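Before any questions on how it binds or moves, here is one chain, the form predicted on its own, in structure tokens.
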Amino acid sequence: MNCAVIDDEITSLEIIGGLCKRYIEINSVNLFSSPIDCIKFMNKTQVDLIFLDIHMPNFNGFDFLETLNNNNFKAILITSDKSLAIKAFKFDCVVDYIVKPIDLYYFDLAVKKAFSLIKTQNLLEDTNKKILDNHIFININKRLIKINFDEIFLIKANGDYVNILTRNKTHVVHSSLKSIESKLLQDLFFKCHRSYIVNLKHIEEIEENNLLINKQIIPIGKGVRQKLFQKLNLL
């Protein structure tokens, strides 16, 4: 998790930055005395959590939030002004409002609340992505054919082509196994051999160095057996 601290008071900036470094969930702490500099940084780097002062010259904290209104981050406002909390919470990204001087107890509560919200948000995004990315389109004779991931039993390398086996049909596609693998859901498919990718849901049996899918025996490559077991629900 990346965080940014924005405060034109250097002492406050360094204190908040030091407090952030106490949390193992935070990978990097980026300090900015100017909101504009932080915006430039965020154009290149994902920031998950922002600690933001309100009263700053030329471009204040609210200007910053309005400019980045649609960005995907959470913000904790830290200010010496008690009167702006109602306005602050009109921004959906604002998690908490802390009045200086900072009380460590309330600071910790605010940070943990932000962590929880960010974690929930990331889980929802991952779930939505999996729901949306539940299929692949393949090019067969200049026609794009949709195949749902659940329908795929296995994918086999075949020279400059790959064979995509479903329950009722085998599709032959001009592609590499590596290219196909990059488009699949990693928690559903597994490359068990240099020539095979299998759908974990359709594995019927595993015996020694082979597995059975739809009455076909598929080899398990050296060194991947343990990784395969880690992917499966074993008793």
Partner chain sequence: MESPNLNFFLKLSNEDQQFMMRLTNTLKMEFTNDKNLYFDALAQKDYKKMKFIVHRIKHKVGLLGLTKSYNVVIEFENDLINENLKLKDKFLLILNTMTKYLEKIN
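Predicted model, so just to flag it, every value in this text is computed and none were measured. Residue numbers count along the first chain shown, from 1.
As for the form predicted in complex with the partner chain, it is not shown, yet the points below apply to it.
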item: Partner contact for K156 in the predicted complex: the partner chain, 4.5 angstroms, heavy atom; value: no
item: Partner contact for M56 in the predicted complex: the partner chain, 4.5 angstroms, heavy atom; value: yes
item: T120, heavy atom within 4.5 angstroms of the partner chain in the predicted complex; value: no
item: Partner proximity in the predicted complex: S80 to the partner chain, non-hydrogen atom cutoff 4.5 Å; value: yes
item: Candidate spot I136, H174 and E181, all three touching the partner chain in the predicted complex (heavy atom, 4.5 Å); value: no
item: Among 99-107, 86-94, 143-151, 158-166, the region lying within 4.5 Å of the partner chain in the predicted complex by heavy atom distance; value: 99-107
item: Residues within 4.5 Å of the partner chain in the predicted complex, restricted to 12-30 and counted by heavy atom; value: S12, E14, I15, G18, L19, K21, R22
